[in-house]
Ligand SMILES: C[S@@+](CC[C@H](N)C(=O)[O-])C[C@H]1O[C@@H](n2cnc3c(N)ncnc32)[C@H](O)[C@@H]1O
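Next up is one chain by itself, shown in structure tokens, the form predicted alone.
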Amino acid sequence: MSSRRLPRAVAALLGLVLLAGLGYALRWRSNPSPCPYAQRHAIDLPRPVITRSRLCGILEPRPGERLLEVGPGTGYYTGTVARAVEPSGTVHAVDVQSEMVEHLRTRTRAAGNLPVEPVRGDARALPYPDDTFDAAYLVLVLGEVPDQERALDELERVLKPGGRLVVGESLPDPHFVGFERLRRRAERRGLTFDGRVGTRAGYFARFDASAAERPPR
């Protein structure tokens, strides 16, 4: 092969790789699912925009509170939030994958028995009664839930009156949920927008549950 043809061949190969990657991302976006446990190392990579400190800054976890994390994965944020609610608070970390739950259980024990309760559960049917939590958060998770509307209903249900919900999203996650869409959906459920940090491409948004008692269901 001549030196002139080689760059063309390389360019063609790169084009095929990019198209294959785009096709994979589109298929993944149209078929929501959690990050497989086999790819767990990828979800522990640094997140320069949606950082742990930014999450705590907008979530405002306080000692003694009972918090819910949906889709903790391997626990990228869990330990930081758990330390903020010590000594008498608890973070209930609900993940749909049993492998992630066991991984998180081992990780929190190794970190010194942090106040974390790993639980296997589905965001569409959270295993808690109404008005259980002072605050809840989920990061890079909402877009992975097959029924996002139901997940938001459940989050609103388990929050106490006046409770806080923080949702984190960032590109290039193929399941990225844009802020304006998220805000419309949250406000339809009586959740009041209370602030955002970050950019359009990566943000944490906070919503507050109504301080009024929810009528009996």
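Not measured: the values here are computed from a predicted model. Numbers follow the displayed sequence, beginning with 1.
Separately, the form predicted together with this ligand exists; it is not shown, and the next lines address it.
Taking the partner from elsewhere, no residue among 155, 166 and 203 has a non-hydrogen atom within 4.5 angstroms of this ligand in the predicted bound form.
Although the partner is absent here, residue 54 is not a contact residue: none of its heavy atoms lies within 4.5 angstroms of this ligand in the predicted bound form. Though the partner is left out of this view, residue 77 does reach within 4.5 Å of this ligand in the predicted bound form, counting heavy atoms only. Among heavy atoms of residue 118, none comes within 4.5 Å of this ligand in the predicted bound form. The closest heavy atom approach of residue 106 to this ligand in the predicted bound form falls outside 4.5 Å. Checked against this ligand in the predicted bound form, the residues 160, 185, 66, 47 give one hit for a heavy atom within 4.5 Å, which is 47. Residues 70, 71, 72, 73, 76, 77 are the members of 70 to 89 with a non-hydrogen atom no more than 4.5 angstroms from this ligand in the predicted bound form.
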